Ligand SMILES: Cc1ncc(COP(=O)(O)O)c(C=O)c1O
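Read the single chain below, which is given as structure tokens and is the form predicted on its own.
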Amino acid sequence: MELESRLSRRVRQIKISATKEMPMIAARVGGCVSLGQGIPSFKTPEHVVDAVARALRDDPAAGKYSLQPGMPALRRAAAELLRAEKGLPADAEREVAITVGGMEGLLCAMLTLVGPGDEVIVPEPFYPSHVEQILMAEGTPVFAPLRREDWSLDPDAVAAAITPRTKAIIISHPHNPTGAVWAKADLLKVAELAIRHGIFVICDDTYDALTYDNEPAFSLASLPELRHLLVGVFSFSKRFALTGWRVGFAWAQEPLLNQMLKIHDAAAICAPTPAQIAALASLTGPQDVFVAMRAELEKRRNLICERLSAMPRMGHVRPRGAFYVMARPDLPQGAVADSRELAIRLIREAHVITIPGGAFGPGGEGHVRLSFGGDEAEINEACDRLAAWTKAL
């Protein structure tokens, strides 16, 4: 009997994301520069490295399991961050859990809330893993298209997506893949819909600190009236340049968090203790290094937008958050069948890794997502190659 027929429906209906596939294709081609996966180029800050090394040398517990919901000191620091930045009076002991990156926090929420027949509204274009997690939970993703002209959130599209089977809506803000920072008024309208219909809101605030032009992002986690329906998921990966450490945290009111911890226990037991030590040092140590990282990302945003604007065949909407921009090449009719073919051609012909926009939903088709998480030299080299490729068309 062939393997495919013996696999679970759950695994048959999910797939590896294009953010992983494109670098694998590029590795076979060789000589490529990446504007692909969302990885900030910054190394782990020295004070974080020192804190982890010191703990591993001096504290016998540093290499062992932590408590299942995480180190108490880190949960207290995370709760304080939520109070300071979002006005969310988090109870560190009962409402905060440390997870294996924000991704595991999202998965715990999805597997706790969603089951067969349940629908989850996903603003689209979307972060592909959100959809894969809904499918893993055997739920059904229902797309609410963003406004195409500026990638803004459309509350009317969200309202139109609500049915009696709607269980939750997931909000990624600032938005991956478009880099959009949505209007507070639109987010409040979505919150009103959630409250009126009793829909859970899963806030993926991975990029919450990465906004530009002195414009902070509004978070639904700051709304007291929504908290009985809220799961907030936060990450140390992007803001603190700890992508490889795999540590994040989740907030929910105690009854719901206790249910999420069942999934966490079955999947991971606890987040890696050394990674939790790194996260604690990031939260409680000097913050100037992280302020400088955000400022550098803003410079890189400005650079890539300037370079794209100078390419007559490469349209884009200027992002105001995260570190992504959706670029739309103006190609001759019939040049490519879809965005996946476009991304593969860019790898083979321009030696530049991008992510096909179609991987983020129908609204992304015709685009490629570019990351400006790399340093200026990488961005310039990639843009030089893109400019030469588009000019040759």
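Note that residue numbering follows the sequence shown and begins at 1. On a predicted model such as this, the values are computed, not experimentally measured, just so you know.
Just so you know, the form predicted together with the named molecule exists too; it's not on screen, but the next bit is about it.
- Contact between Leu106 and the named molecule in the predicted complex is found at the 4.5 Å heavy atom cutoff.
- Contact check for Phe200: every heavy atom lies farther than 4.5 Å from the named molecule in the predicted complex.
- At a distance threshold of 4.5 angstroms between non-hydrogen atoms, Glu95 is out of contact with the named molecule in the predicted complex.
- Interface residue remark: Tyr207 is counted as part of the site for the named molecule in the predicted complex, having a heavy atom within 4.5 Å.
- Proximity to the named molecule in the predicted complex, taken as a non-hydrogen atom within 4.5 angstroms, holds for one residue of His264, Arg75, Arg301, His130, which is His130.
- For the residues Arg246, Arg227, Arg307, Lys86, the 4.5 Å heavy atom test against the named molecule in the predicted complex is passed only by Arg246.
- Residues with any non-hydrogen atom within 4.5 angstroms of the named molecule in the predicted complex fall in just one of 179-187, 122-130, 109-117, 150-158: 122-130.
- Residues Ser235, Ser237, Lys238, Arg246 of 227-247 are found to place at least one heavy atom within 4.5 Å of the named molecule in the predicted complex.
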